[in-house]
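Taking the form predicted on its own, here's one chain by itself in structure tokens.
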Amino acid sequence: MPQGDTNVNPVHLDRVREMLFASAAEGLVLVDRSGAIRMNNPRLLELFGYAEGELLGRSIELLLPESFRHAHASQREGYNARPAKRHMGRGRELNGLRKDGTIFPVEVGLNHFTVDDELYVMALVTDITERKSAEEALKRNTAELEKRVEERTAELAKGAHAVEIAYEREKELHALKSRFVSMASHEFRTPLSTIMGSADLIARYTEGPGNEKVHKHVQRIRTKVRDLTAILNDFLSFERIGQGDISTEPEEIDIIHLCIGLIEELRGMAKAGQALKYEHTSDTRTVVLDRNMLVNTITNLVTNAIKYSPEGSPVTLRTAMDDGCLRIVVIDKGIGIPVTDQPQLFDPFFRAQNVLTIQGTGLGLHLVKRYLDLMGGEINYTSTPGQGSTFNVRIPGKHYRT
């Protein structure tokens, strides 16, 4: 559609709206002022176990446990009097009631609009059963750890070797944390690999025209699996560096060959219209450095540039050998870094105020700094909010002229 063209086919737009409503990943339900259900999407029926058309005209309280229905009716009347976009049940637990009588935890977001002076309220319903299970498991683990800490503290009060016992307790808890991070990361890798393999099979079985929607969702699955894998790698690297369980293993590296391979791998992460450019600006192309640390350094910098740049903007990677040092420059035209956040940029888990809605762990640049410290390198940057950032890396290393 040409830019600025306002002559859009209304029938086409209506069809797009219908598809958005029908294909939403969360449950959507529309009720009138009386609480009668006027519309719902397939996901809502799936969540509550009803058939198509079975809920239309029935009260929204049908989807709530009986003990909560009377209170909800009063709350609904209060909402009708002062409608506003908000989350429902903030500060307390909400549950839904399936047709078969089972109760499950939900999260509900409310919005409203008026058509011909008639108020309608739309609810976005999310099944948070898995989240609740994870929270309960975390509570149990926390309680267990707290119990063990209390037991150890009691032992400290009894014995004459308080310092030694405290040291052993610290080692034990630290080892427990390390084992948990390692175990959790490896346990996640197996299902992630299975998901990626299944996505690849789906893509292969649906090759050919007519399956564009399937391919779009397959690509989305692949992207999210890569994101989760990157997060796991960040946590494992952070843990290993914190433990001192990492050392440099220098080897001879063709920097051009390495960077071309990395750029090709990262193209799958690029947004629509994002061009990934690479150029090497010196005759020397071989350096002796730790390959894994160098790969992680470049990957984190380029990934950040992609993530925090808009569609259609270029991301440039430059390398050069200069006076015995490898120089790396990553340039983007993205959102930039707020001036007030720049002093904390390399702190672990720190995220700038303008990226809080973008997925990330806040570990990437911290790990880059730690890798460079281990290799004897340094990093600096310039950034202007709204105009982009440039990161400059310098790493000393042996090199050979080709």
Partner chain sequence: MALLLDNHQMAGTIETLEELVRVLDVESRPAGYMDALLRLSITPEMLAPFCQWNTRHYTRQCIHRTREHELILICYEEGQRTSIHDYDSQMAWIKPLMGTVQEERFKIATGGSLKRHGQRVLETGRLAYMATKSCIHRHSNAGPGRAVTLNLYARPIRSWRVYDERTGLASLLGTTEAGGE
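Numbering follows the first chain given and starts at 1. Everything numeric here is computed off the predicted structure, so don't read it as measured data.
Keep in mind that the form predicted together with the partner chain is missing from the display, and what follows is about it.
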Glu61, Asp100 and His112 each touching the partner chain in the predicted complex (heavy atom, 4.5 Å)
no
Find the only residue in Glu130, Glu251, Glu136, Glu207 having a heavy atom within 4.5 Å of the partner chain in the predicted complex.
Glu207
So which of Ser282, Asn211, Thr126, Asn292 reaches within 4.5 angstroms of the partner chain in the predicted complex, heavy atom to heavy atom?
Ser282
Segment that reaches the partner chain in the predicted complex - one of 293-301, 79-87, 261-269, 136-144, heavy atoms within 4.5 Å
261-269
Is it the case that Gln219, even though its partner is missing from this view, gets within 4.5 Å of the partner chain in the predicted complex, heavy atoms only?
yes
Wondering, does Ser309 line up within 4.5 Å of the partner chain in the predicted complex on heavy atoms?
no
With a 4.5 Å heavy atom cut-off, would you call Ala154 a contact of the partner chain in the predicted complex?
no
State yes or no: in the predicted complex, is some non-hydrogen atom of Ser193 no more than 4.5 angstroms from a non-hydrogen atom of the partner chain?
yes
